[in-house]
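In structure tokens, one chain follows: the form predicted on its own.
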């Protein structure tokens, strides 16, 4: 009897898994022993890390998008019909369009979403770059900014964990280039007692900010934003005025995960090594959807997807798992408009950022172009 692999979510993680399975299960697909189905929310696939460059005019919007069907292997059954309810007991998923899809193996790759509305006043007064509308709005705000107080406000949890540092350092160079740095006070806030969740990254960032004259406020857990007085207040009682507020909004998983009773906040409890949903043997979780306490980043999704492809393929072909996920993450860090560094780490090895260089920045720009090969599982 044919085995069905159902992938819920059409972002990077789900797309890599789908394409990778097609390569490893070619014989089974040809014989009809396996079929692969994906449920997506949109016809287009977006390169989300590229949003960081839009406010600075370093990428064009059209560079961020491809038709999802062209990114996917033609053997994948792709439906733009978002999941409405996931029943892991009955091995089936129902959709907004009223369809019911049964599965033998389920991959949850539903991703995350920004929730600025969870903090009073943030949606009205804040700017961000985590969706295309926000990136456009921030681009316009930077275009008209002539000096004043800027607050870069970081909330947790959020994906792309180094992005707050990147936008801060890029903003510094942007303002220098426009002759506005001497007219600007830039303050970075972070919710814990250092500048980043990863301690080695925080230790690297602090002297860099000190050298550039960027102020910072740690233990700043945002309570509210007042659009009228242009102030942002923390639960710790600190209040900062701003002329421009650039915020990293808090994130949540998708509503379908909560509605299906699969995880608080939309995060699915996940085995850190096998990527199984806790309590399931045929349900896997990948990308932002997991509750694994590591970075929610594109590289995390990629490395998890590679492991999942091997494990699902060998389960179908040989009846056993191939290997464990070791927590591997690799992140480029833009340290300005023309320099960068990187970090890599796993469950046992901490990150160790190196000195910024122009070459690493070029590598990051090259990857921006190679992303589509990555999504197709060719890189």
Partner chain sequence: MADRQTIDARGAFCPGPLMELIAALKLAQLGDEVEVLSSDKGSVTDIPAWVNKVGHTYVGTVEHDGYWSVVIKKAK
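Numbering follows the first chain given and starts at 1. Fair warning: this is a prediction, and the values are worked out from it, not measured in the lab.
Just so you know, the form predicted together with its partner chain exists too; it's not on screen, but the next bit is about it.
This chain lacks the partner; the member of 202, 209, 240, 294 within 4.5 angstroms of its partner chain in the predicted bound form by a non-hydrogen atom is 294. This chain is drawn without its partner chain; in the predicted bound form, the residue among 259, 124, 236, 182 with a heavy atom within 4.5 Å of it is 236. The partner is not drawn, yet in the predicted bound form one stretch among 170-178, 106-114, 194-202, 79-87 has residues with heavy atoms inside 4.5 Å of its partner chain: 194-202. Not displayed here, its partner chain is approached by residue 346 to within 4.5 Å at the level of heavy atoms in the predicted bound form.
Contact check for residue 231: every heavy atom lies farther than 4.5 Å from its partner chain in the predicted bound form. Taking the partner from elsewhere, residue 145 is found to have every heavy atom lying beyond 4.5 Å of its partner chain in the predicted bound form.
Within this chain, residue 351 lines the site of its partner chain in the predicted bound form, having a heavy atom no more than 4.5 Å away. Residues 264, 265, 267 of 255-282 are found to place at least one heavy atom within 4.5 Å of its partner chain in the predicted bound form.
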